[in-house]
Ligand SMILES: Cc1cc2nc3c(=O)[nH]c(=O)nc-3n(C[C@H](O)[C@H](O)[C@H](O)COP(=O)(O)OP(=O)(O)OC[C@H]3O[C@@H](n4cnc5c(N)ncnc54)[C@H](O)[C@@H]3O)c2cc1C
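For reference, the chain that follows is the form predicted alone, supplied as structure tokens.
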């Protein structure tokens, strides 16, 4: 059986769902294909941060030098699993080219502009009846154990302030006044008052339900096997549950987007970046305020009755195995920075693959030589933060409207 919607979106994570909502909000007949359940991938267990302030890209001056001791350390914040992969080698070469001051400044400005727009959209979506997200714009804290790390962050904060952003320096005592469970062995920190956090799975799933109420067709447990495309015919997705044809197809499948694109000869430099989180019962007296444990690269986010610790970045391909040593590194960071937390009674361990581009900017737009195909991926660790604005931009592109932002810096052809 062949179905004929106007737009077919592949991927039921935050980017796919936000795009679907933006389309059905405009009255566009839309079908979303998800190989599992909505929000069952990287969107489910992330840190839930909507960080618009210190939205620094991963590549930058000195990153490679500082990260070299980590690269082969299985318990480090950044780990690259040794494997023979030409795609990984190409990706790392492009990443290296972005590790300079000019690229960092350009990327920071682009990321911050998108994040601020997305933060506004998150606030709007949170007000819609039926959309539950736990969205709370109470700011975000960053805590530093060493003076050296604090000085490095101060340079980024100065850049933020030069761009019009707001940050407040906090003493160790001020940090502990906000989060009493923090250790006394801190060098200091910063507060970013405009930022927000939410419950990722609650947001994505409730937005999907609202989109369904407005007409979105969601095909769950539907895996795309082949993509058929030509200049003379609409794009067709052959799946485990039939074929779906549309005037426009959107690839928003996260870390699997590159694999899908290769089916029609499109090469995208997206590397799966595995992240982990550990969720526990939230103590009654723990404040509703997220904090970054900076040197450990772990973020702590209150989510209703739960408290989530998320972090690490592992480049291991499409490997979904759980490394308990990396989980252990998150646990140790929490014990070090938050000794005042009680031992958890029960834990939920999660891992997921985030789609990371070499310059840590999303890949948005039409690949050269294609028609009726749009890519919406490469958001790295910022999918939850940038999902709403991405949905708006992709909807505008699919409808032939002028996108709110110039998409040239995010084009699939920039690499």
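Note that the structure is a prediction, hence the values are computed from the model and not measured. Numbering follows the first chain given and starts at 1.
A second form of this protein, the form predicted in complex with this ligand, is not displayed here; the remarks below concern that form.
Original post:
Given that this ligand is left out here, which of 367, 358, 47, 60 has a heavy atom within 4.5 Å of it in the predicted bound form?
Top reply: When this ligand is considered in the predicted bound form, the option within 4.5 Å is 47.
Original post:
Of these, 275, 188, 272, 269, which has a heavy atom no more than 4.5 Å from this ligand in the predicted bound form?
Top reply: The residue in contact is 275.
Subject >> Non-hydrogen atom contact residue 108 with this ligand in the predicted bound form at 4.5 angstroms >> reply: Heavy-atom contact with this ligand at 4.5 Å: absent for residue 108.
Subject >> in the predicted bound form, residue 15 touching this ligand (heavy atom, 4.5 Å) >> reply: Residue 15: yes, in contact with this ligand in the predicted bound form.
Subject >> is_contact(residue 222, this ligand) in the predicted bound form, heavy atom dist at most 4.5 Å >> reply: It does: once this ligand is placed as it appears in the predicted bound form, residue 222 has a heavy atom within 4.5 Å of it.
Subject >> Contact label in the predicted bound form: residue 256 to this ligand, heavy atom within 4.5 Å >> reply: Taking the distances in the predicted bound form, the answer for residue 256 is yes, it comes within 4.5 Å of this ligand.
**OP:** Name the stretch: of 52-60, 358-366, 374-382, 23-31, exactly one has residues whose heavy atoms fall within 4.5 Å of this ligand in the predicted bound form.
**Re:** This holds for exactly one stretch, 374-382.
Original post:
Looking in the predicted bound form, is this ligand within 4.5 angstroms of a heavy atom from every one of 41, 310 and 350?
Top reply: Yes: 41, 310 and 350 each sit within 4.5 Å of this ligand in the predicted bound form.
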